[in-house]
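Coming up is one lone chain in structure tokens, specifically the form predicted alone.
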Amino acid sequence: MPSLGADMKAGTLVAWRVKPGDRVKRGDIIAEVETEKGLVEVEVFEEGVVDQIFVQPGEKVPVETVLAMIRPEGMPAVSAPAEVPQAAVKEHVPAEAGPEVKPGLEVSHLPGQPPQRRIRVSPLARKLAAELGIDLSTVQGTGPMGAIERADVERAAAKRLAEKAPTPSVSEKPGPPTMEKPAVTEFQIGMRRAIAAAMSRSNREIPHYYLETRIDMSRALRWLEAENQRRSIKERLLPAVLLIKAVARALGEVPELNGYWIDDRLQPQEAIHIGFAISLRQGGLVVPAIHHVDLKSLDELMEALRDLITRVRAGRLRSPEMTDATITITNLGDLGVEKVFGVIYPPQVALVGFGKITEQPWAENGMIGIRPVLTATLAADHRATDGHQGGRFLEALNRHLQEAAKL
């Protein structure tokens, strides 16, 4: 079971995409895992043949549990069942009363339905549906091949609750406001628990220092406006793309901020994988990575960002995207926030925050004018770097944004 974040302790195997005897290569999606932050597709990093599978769909196991064995091509298969490693302490998802719960993202017939009526449903979704009394035949699945996932059941439950809400009579006087608390879903509880664990660890273990700078965005926005006028609506660039690319360029000059603090030492990373904080409609947030940002053009970066947001909303993230980020960007400008002082996501050593671009007085060459100004902040690990490196990074970030055409 891969660790899909510093806050992950265990995961539930939802489905296998392979079976014993299948050949796999690096980058293949071999399984789906349910975490507290949603469904994640697990990639394989080896080439070979799937020899044995140790964990079955529906089983919840700790991080580092061996899920399967892959043998090199040409080696004979293991004849006897291999001993399951000690870490594989399995916890079955308990079965609910009523309809039988079968492990896995199975295809099954529904009682009372014609034989050809078939659905695909994850074990957690089936369990939650039984708890909430949701008829799965009425739920529209949004997972692979129309599979019903936990979020689908939660939406169905919310819809049913809204339909059953009493309509107040016109003749009746409104009563006093009730003190009932809003319903909190299992997903929201799990998400907050995961965020709490990561952020508590960050504040407990990482000595943060903070820097901020104001950046005149007039040149960058003028270039972006002129560039977008030459493009179709579908091909236009967002200001966020300029910010992400400028961060990557600045990290190329200050690589000490791009990496991890592990085993009491800084481990800078050559590849620049930027985690981009994205809030979820059902609450909480995830920080998937955009890989090799420094090597992507603005168009490739725009496409990658659009694809990432789409898959986050659909709960279709891949395992490397949850684990590879070497630095995080959080942008709350669209909410009107002017400054963001973030919390570093361990084991990363830095986080960059962007606020809203606002018109502010700006003095330059003895003249005062009004400019669109962005406040950029840096939260950095004081064990890994000092304010000198942080200041160099913000200066480089500003310089690259003044030359947007070269990004």
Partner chain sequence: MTEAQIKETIFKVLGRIAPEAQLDKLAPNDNLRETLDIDSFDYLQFLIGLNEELGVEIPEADYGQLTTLADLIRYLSARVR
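Numbering follows the first chain given and starts at 1. Remember, predicted model here, so these are calculated numbers, not experimental data.
Just so it is clear, the following notes concern the form predicted together with the partner chain, a form of the same protein that is not shown.
Would S137 show up as a contact with the partner chain in the model of the complex if we use heavy atoms at 4.5 Å?
-> Answer no; every heavy atom of S137 is more than 4.5 Å from the partner chain in the model of the complex.
Examine R265 and determine whether its closest non-hydrogen atom to the partner chain in the model of the complex is within 4.5 angstroms.
-> Contact with the partner chain, no.
May I ask you to check whether R281 falls inside a 4.5 Å heavy atom distance of the partner chain in the model of the complex?
-> Answer yes; at least one heavy atom of R281 falls within 4.5 Å of the partner chain in the model of the complex.
R219: heavy atom within 4.5 Å of the partner chain in the model of the complex?
-> No, R219 stays farther than 4.5 Å from the partner chain in the model of the complex.
Tell me the stretch among 67-75, 246-254, 315-323, 300-308 that has any heavy atom within 4.5 angstroms of the partner chain in the model of the complex.
-> After filtering at 4.5 Å, what remains is 300-308.
Site check Q269, H273 and N365: each within 4.5 Å of the partner chain in the model of the complex by heavy atom | Not one of the three qualifies.
Among I189, V337, L295, L238, which has at least one heavy atom within 4.5 Å of the partner chain in the model of the complex?
-> If I apply the 4.5 Å criterion carefully, the residue I get is L238.
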